[in-house]
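Before any questions on how it binds or moves, here is one chain, the form predicted on its own, in structure tokens.
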Amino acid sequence: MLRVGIPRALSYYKYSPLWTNFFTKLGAEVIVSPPTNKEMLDLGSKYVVDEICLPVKVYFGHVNYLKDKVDYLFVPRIVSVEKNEYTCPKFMGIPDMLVNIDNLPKLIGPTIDLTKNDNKLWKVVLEVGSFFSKSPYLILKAWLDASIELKRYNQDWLNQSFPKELMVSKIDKKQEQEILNIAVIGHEYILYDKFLSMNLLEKLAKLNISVFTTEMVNQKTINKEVSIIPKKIFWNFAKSALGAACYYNKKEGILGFINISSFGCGPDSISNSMTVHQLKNAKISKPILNLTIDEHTGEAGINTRIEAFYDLLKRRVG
């Protein structure tokens, strides 16, 4: 049985049910790297320049963990998943940057670019599936079955709950009168990586804070919210974050925002400013806590800021 390695980083948090189910249904053994830890970060940092953002450094650590344990590494080059929109430039360059790691197994690195033609996706699916099966029928069936799992995964978010795969702690519903609702704006690969986010969601759950995230807002609503921006936003992740923030700012039950991002992220350096500008210039201004992380960020400082933000929200609700 061929073994396929999938790094638990970057786009893993958005598409993991799709990829893991697709390869499994084609008879492969899927090996996912374990959750991020300090050793992975330190190892990944050795292979990239200092200016690279923290999530990419972590990605390299996950790849290094998997390289001797699998026959193939799945490292897609994700250029675009929406028409005329693009992902982060580092997502596009990941397969090229991995040449710095020695003794890598064979890479499965398809280019996913849906900027102009969605039909290209089928060619990519058949290309990737051909590593494990020569039957186009079996490959496409595996893809359709896996797509159903991805739809279920995304539906959990749209139902305002976290997919069970993410193992996010739940708040204590017995104290419902004390629950505070906030929106947490941040990319999946930071927010749901407990090491990178310093267990942010866990900390909020312990404070009985109910969290609403970008993934809980459907694409149609996000597109509507960002339509007020004079210039089109070409970065997909930035657009989603801004649209979700604008949507939650109109919701009466949302008391405030936490915006978490990685130091050194080019698109976020622009979109974070736009998000803060839109929120502060809205008819109703709500508190915003900005958390910027890198490998030197101390957890004690993060805890202090979260607790102070919580106290602020409690005072506002009386």
Partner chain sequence: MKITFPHMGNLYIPVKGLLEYLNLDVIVPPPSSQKTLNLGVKYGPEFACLPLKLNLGNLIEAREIGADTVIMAGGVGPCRFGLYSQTEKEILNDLGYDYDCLVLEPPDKHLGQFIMRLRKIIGTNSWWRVIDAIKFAYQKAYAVDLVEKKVQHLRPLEKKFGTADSIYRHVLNTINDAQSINSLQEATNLGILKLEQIPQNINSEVIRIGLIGEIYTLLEPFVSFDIEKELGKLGVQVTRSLYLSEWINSHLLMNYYKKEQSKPFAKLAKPYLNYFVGGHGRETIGYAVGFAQEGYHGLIQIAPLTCMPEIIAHTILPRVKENYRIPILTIYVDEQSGKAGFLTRIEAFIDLIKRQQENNKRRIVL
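Numbering follows the first chain given and starts at 1. Predicted model only: the values in this text are computed from it and were never measured.
Omitted from view is the form predicted together with its partner chain, to which the following refers.
Only one segment in the set 271-279, 66-74, 246-254, 33-41 has any non-hydrogen atom within 4.5 angstroms of its partner chain in the model of the complex, and it is 271-279.
In summary, among the residues Tyr86, Trp157, Phe131, Phe212, the only one with a non-hydrogen atom within 4.5 Å of its partner chain in the model of the complex is Tyr86. By the 4.5 Å heavy atom rule, the three marked residues Glu51, Trp235 and Gly264 all count as contacting its partner chain in the model of the complex. Its partner chain is not shown here, but in the model of the complex it comes within 4.5 Å of a heavy atom of Lys231. Although the partner is absent here, Thr111 lies within 4.5 Å of its partner chain in the model of the complex, judged by heavy atoms. Taking the partner from the other structure, its partner chain in the model of the complex has a heavy atom within 4.5 Å of a heavy atom of Met92. Among residues of the shown chain, Asp96 is one whose heavy atoms approach its partner chain to within 4.5 Å in the model of the complex.
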